[in-house]
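One chain is shown next in structure tokens, namely the form predicted on its own.
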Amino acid sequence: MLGRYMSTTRIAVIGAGFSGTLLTLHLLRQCPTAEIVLIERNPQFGRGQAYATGNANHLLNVPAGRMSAFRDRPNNFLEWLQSTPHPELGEAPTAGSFVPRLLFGRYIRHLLKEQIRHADKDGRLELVRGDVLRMDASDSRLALELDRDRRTVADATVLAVGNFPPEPPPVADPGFYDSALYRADPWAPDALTDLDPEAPVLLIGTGLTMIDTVVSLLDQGHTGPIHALSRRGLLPHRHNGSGQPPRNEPSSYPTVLSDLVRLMRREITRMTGLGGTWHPVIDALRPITTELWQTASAEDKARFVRHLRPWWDIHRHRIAADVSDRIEAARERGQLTKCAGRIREYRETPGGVEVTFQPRGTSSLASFQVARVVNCSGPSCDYDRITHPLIRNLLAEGLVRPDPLRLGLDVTTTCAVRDRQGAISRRVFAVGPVTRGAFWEMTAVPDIRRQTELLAEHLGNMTARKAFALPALASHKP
């Protein structure tokens, strides 16, 4: 058994990456009478997949001056960087510095440790290392079943499960995906181990995960060819470093997708005509992106995801100049090549695997021989296909449902999940990437920071009203 099962409100946060850890810190502030239990299946709390990298050349995609964990203390991360020695930093960081991601993970762990050491002497915070496998909502308290036959209870639960590994591209014979030549998770410890430095490699995907994987390959001395293949073959753009807002920014933005696209094109043309760039035009949308998304029609949302999402991603989620320089150098010397197309077949050979693909815009086929295939296509979002036991249990019990666009789970603007029939839960919530369908931009630190603050305030109000004090419930399963 876990937990003390006291009569006070008990809130469980499942997942101690950035989203879950930051929410926990805000809950301790906003819910002064509640117990908080933070559950993490990985060895370390506070890092999550995004910031667990040990490679100092994996840089943040946002300048340090915008990475504070607290909106009311905007320089908190920068001040921590400047006040603590970090051998990974060659020079003193500034607000515009793109620092190693591992430092941000270290910063979040520091905040958690400080909370444990100083701010929570009354024992309201409990850390549990384990994997939640099942949730039972049939009683007045939620019962969480963990690995190793453990169990705890909570009045409310927040899913902060982060991202799941990418899905393999569909092919006629998926048997290759069980092969030792394939790596399903680019962040797995063995993703790039035991690889001949001169061997050719295929990276599925051309986004930010591919960029990180190329950097890792180069850092370990890889000199062989690196092929990057995605449906459109688009690479993330680089930050230009200006940080300047657009001149005479529009006073209003349309919510119809076609009108918004026309406006953005006009603004980019205007800015470039004034000697500027497109960067500030895209950045000007940052404060209102969620609002634009939530007011868009279902048809426009689907159209955006189907047609415009890849272009939005490469312009909105850019890479640091130093990283961009390394990628461009690898392309110029012919080591890194990008391709646009769809994988059609894998055929294992004595030298590795022959990958056949159909180049975009043609009916012909092309192929290349590689020694390893690494899936860098980005996180899996379709929860109907995610195999984790907790996700399968929540869907089977009808406690949650995927959002209509298959971007994550269906949640409200207050992060409450919606069940199989669409009813809004009073006890189960979600934060972070799992809420893309409702908020769209929910991967960057500023967005998640604001979301966790608002959810903590909402749960604090519910705790004060004793809104979680529910009578015993019948089984939720239909």
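Numbers follow the displayed sequence, beginning with 1. Just so we're clear, the structure is a prediction, and the values are computed from it rather than from any experiment.
Another form exists, predicted together with a small molecule; not displayed. Remarks below refer to it.
So if I measure heavy atom distances to the small molecule in the predicted complex, which of the stretches 38-46, 422-430, 406-414, 25-33 falls within 4.5 Å?
Stretch 38-46 is the one.
Which one, I448, A69, A438, A64, lies within 4.5 Å of the small molecule in the predicted complex by heavy atoms?
Selected residue: I448.
Among W312, W293, W187, F176, which has any heavy atom within 4.5 Å of the small molecule in the predicted complex?
None of the others qualify; the residue that does is W187.
Just to confirm, A154 within 4.5 Å of the small molecule in the predicted complex by heavy atoms?
A154: no, not in contact with the small molecule in the predicted complex.
Would G224 sit within 4.5 Å of the small molecule in the predicted complex, counting heavy atoms only?
G224 lies outside the contact set for the small molecule.
I'd like to know whether A16 contacts the small molecule in the predicted complex, with contact meaning heavy atoms within 4.5 angstroms.
Residue-level check for A16: yes, a contact with the small molecule.
Even though the small molecule is not shown here, does A228 get within 4.5 Å of it in the predicted complex, heavy atoms only?
Heavy-atom contact with the small molecule at 4.5 Å: absent for A228.
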